[in-house]
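The data below hold one chain only, encoded as C-alpha cells and taken in the form predicted on its own.
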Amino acid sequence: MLQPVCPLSEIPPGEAYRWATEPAVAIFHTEDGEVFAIDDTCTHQDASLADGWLEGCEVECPLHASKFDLRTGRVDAPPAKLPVRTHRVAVTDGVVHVELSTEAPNLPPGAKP
C-alpha cells in the first residue's frame, strides 16, 4: 500500500530525504527528475545512505564508499556485498508516495531493524 511521505518540493534534485520509518528509508530525487526509495542503512556498516553522494542513479555510502544502484538496490562498488531493498515510489499531485517492500532488509550486524 502506497503511503504519502512528503511533497516532492521538499527534495531538491540531487538530494535525498530520510523517511523515519522502521527501518528508515532514503528517498532520492535525481538530477534527471526521477525518484527512488531504498533502505537508508548501508548493508556493510551502519551509515545513512541519505547522507551519501548521489550521482545519476547511484548513491555512494559516506562511510566506506560502497555504491548502490537506486533502480535495483544492487551493489556497484564494495566493500558492501549485499544489496539494499528497493521500494516502489509514485509521485501523485506533487506528493511522494512509497510502498514498503515486504522482503527482509539486509541490515549490517548491530543495526536496528
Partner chain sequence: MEKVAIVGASLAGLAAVRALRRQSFTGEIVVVGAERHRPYDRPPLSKDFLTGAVTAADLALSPDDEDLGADWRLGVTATGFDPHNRAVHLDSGEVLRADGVVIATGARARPIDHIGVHTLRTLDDAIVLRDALKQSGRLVVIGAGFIGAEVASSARKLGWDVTVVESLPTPLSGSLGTEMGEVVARLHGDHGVRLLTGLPVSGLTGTDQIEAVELADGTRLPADLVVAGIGAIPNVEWLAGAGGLAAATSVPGVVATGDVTGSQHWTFALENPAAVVATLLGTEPPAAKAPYFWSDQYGVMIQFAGHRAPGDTVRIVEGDPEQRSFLAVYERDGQPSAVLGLDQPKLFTRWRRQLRSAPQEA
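Keep in mind the model is a prediction, meaning the values are calculated, not measured. Numbering follows the first chain given and starts at 1.
This next part talks about the form predicted in complex with the partner chain, which is not shown.
Q: So in the model of the complex, does H29 come within 4.5 Å of the partner chain, heavy atom to heavy atom?
A: Result no; H29 lies far from the partner chain in the model of the complex.
Q: Although the partner chain is absent from this view, report whether R88 comes within 4.5 Å of it in the model of the complex, heavy atoms only.
A: No, R88 sits far enough from the partner chain in the model of the complex that none of its heavy atoms falls within 4.5 Å.
Q: Although the partner chain is absent from this view, report whether A65 comes within 4.5 Å of it in the model of the complex, heavy atoms only.
A: Yes - in the model of the complex, heavy atoms of A65 and the partner chain come within 4.5 Å of each other.
Q: Quick one: does P78 come within 4.5 Å of the partner chain in the model of the complex, counting heavy atoms only?
A: Judged by the heavy-atom cut-off of 4.5 Å, P78 is in contact with the partner chain in the model of the complex.
Q: In the model of the complex, do E15, Q45 and E55 all put a heavy atom within 4.5 Å of the partner chain?
A: Spot residues vs the partner chain: full contact, yes.
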